[in-house]
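Take a look at this single chain in structure tokens; it is the form predicted on its own.
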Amino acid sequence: MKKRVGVFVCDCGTNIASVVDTEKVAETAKKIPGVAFATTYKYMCSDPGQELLRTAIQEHKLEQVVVASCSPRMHEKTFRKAVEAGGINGYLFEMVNIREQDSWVHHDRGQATQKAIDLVRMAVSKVLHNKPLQISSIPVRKKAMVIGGGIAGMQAALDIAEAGHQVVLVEKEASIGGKMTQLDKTFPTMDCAA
């Protein structure tokens, strides 16, 4: 079964487009096997940019998405939500950083454009192998196990219990107290250790 990938190349105003020929990147992306749609937009992270992404998913029956723009640290969640709003599992999405890793570090337009094309080609290859994932949650019981019934273990167990959590205290000896129970008297009060 042939998959349908959409590639969206962001100009990022002039941050990317001043060094990378984004139109050429999109046109070249259309020739990559598996790519059914490719386009550019001035600000992909903007509301109209996200709407363009959602609309293209529906109109071109896209199954995976690649966005070539800025750092995933900045907008990966934005695009993942837009992809999900378009009806695609958010994990069938890849983001390529052609701003920080390309346009900001190159001065030669030809080299920067070729690098962006290579990055997009790699992302398309990767997204074609992605599998849909589901977020799962596991219930957590607020319960603690303290190993060792010496002075430190008993104090830790008491502190946890006072915080309102169930505690299981595990001690390998027949009684708790640890080395303290072996002492006759304790300094400075000279009280009985037991």
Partner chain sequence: MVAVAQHPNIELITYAEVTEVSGYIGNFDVTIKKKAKYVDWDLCTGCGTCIEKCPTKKLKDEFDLGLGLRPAIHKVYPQAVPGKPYIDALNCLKLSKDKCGICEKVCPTDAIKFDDQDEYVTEEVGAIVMATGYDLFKWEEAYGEYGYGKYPDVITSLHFERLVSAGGPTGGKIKRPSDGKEPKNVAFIKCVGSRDDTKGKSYCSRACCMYTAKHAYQVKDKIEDSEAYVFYMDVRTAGKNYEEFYQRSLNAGAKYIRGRVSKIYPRGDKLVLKTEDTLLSMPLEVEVDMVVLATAMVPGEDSIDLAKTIGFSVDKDGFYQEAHPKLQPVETFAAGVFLAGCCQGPKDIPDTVAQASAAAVKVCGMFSKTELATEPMVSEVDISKCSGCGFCVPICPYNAISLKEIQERGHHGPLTRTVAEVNSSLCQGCGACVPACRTMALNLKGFTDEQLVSEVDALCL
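The structure presented is a predicted model; accordingly, all values stated were derived computationally and were not measured. Positions refer to the first chain, counted from 1. In this text, the rigid core denotes the largest set of C-alpha atoms whose superposition between the two forms falls within 1.5 Å.
Just so you know, the form predicted in complex with its partner chain exists too; it's not on screen, but the next bit is about it.
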(request) Specify the contacting stretch among 22-30, 40-48, 57-65, 132-140, defined as having any heavy atom within 4.5 Å of its partner chain in the predicted bound form. (result) 132-140
(message) Please determine whether G148 contacts its partner chain in the predicted bound form, using a 4.5 Å cut-off between heavy atoms.
(response) yes
(request) Using the partner position in the predicted bound form, report whether E171 sits within 4.5 Å of its partner chain, counting heavy atoms only. (result) yes
(request) Verify the contact flag for I176: yes if a non-hydrogen atom of it lies within 4.5 Å of a non-hydrogen atom of its partner chain in the predicted bound form, no if not. (result) yes
(message) Even though the partner isn't displayed, in the predicted bound form is G153 close enough to its partner chain, meaning a heavy atom within 4.5 Å?
(response) yes
(message) Using a rigid core superposition, assess whether S46 undergoes a CA shift of 2 Å or more between this form and the one not shown.
(response) no
(message) Taking the rigid core as the reference frame, tell me whether S175 has a CA displacement of 2 angstroms or more between this form and the one not shown.
(response) yes
